[in-house]
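Single chain ahead, written as structure tokens, the form predicted alone.
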Amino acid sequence: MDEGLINNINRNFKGQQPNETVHSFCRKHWVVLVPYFMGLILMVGIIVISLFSPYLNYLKDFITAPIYNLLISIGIIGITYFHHYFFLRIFDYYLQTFIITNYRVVQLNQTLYFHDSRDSIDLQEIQDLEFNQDGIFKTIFNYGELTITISSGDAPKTFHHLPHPEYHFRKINKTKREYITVRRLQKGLPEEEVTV
């Protein structure tokens, strides 16, 4: 195996079928975390400025002690809430996974406390596949959307903020060709060139 490649064969996930192997998996692009980190930097900046600001001492002269203590308590509650919110978003980022197996495409959406869902599309149901990288940021940072059209007539499923969408586009096409070839051989049909 090449040094630059990652071996995904030994990866497992909840709900995996017998004889199902993971060909590729990823999380959303790190760019989805940027607003949370910007908020954290802003919050730390406000805290540092508040602690070392001379105006904080002057504020004591204009308001009563109970109101001052109330404002400090509200500030501490706000900071505590934001930090918990920030770290929950980090955990949620690692719990949301996009997986390509030899049978299907699976999206695992979990949060730490309230949400746990799985959405899967069988490879044989994929009618059309499209990846999209519109905009300079998506092109520079190499992320975009992957849209799967299902043959059953349901609405297309779009996976947003997917890193390296062209790689996953090619991986799904290749895996689908292999899947169809194996199915044809299992049915005793001759192996033919499969196009997706």
Partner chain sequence: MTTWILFTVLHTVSIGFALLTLWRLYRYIRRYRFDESKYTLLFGFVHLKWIALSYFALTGFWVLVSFLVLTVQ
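Note that the structure is predicted; figures quoted are calculated from it, not measured. Positions refer to the first chain, counted from 1.
Just so it is clear, the following notes concern the form predicted in complex with its partner chain, a form of the same protein that is not shown.
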Inset, instruction - Give a yes or no on whether each residue among T139, Y143 and K171 has a heavy atom within 4.5 Å of its partner chain in the predicted complex. - result: no
Inset, instruction - Tell me, yes or no, whether S152 is in contact with its partner chain in the predicted complex, where a contact means a heavy atom of each within 4.5 Å. - result: no
Inset, instruction - Mark K157 yes when one of its heavy atoms lies within 4.5 Å of a heavy atom of its partner chain in the predicted complex, and no otherwise. - result: no
Inset, instruction - Tell me, yes or no, whether N102 is in contact with its partner chain in the predicted complex, where a contact means a heavy atom of each within 4.5 Å. - result: no
Inset, instruction - May I ask you to state whether Q17 is within 4.5 Å of its partner chain in the predicted complex, using heavy atom distances? - result: no
Inset, instruction - Output the sequence-ordered list of residues from 62-97 with at least one heavy atom within 4.5 Å of its partner chain in the predicted complex. - result: Y68, N69, I72, S73, I76, I77, I79, T80, H83, H84, F87, L88, I90, F91, Y93, Y94, L95, T97
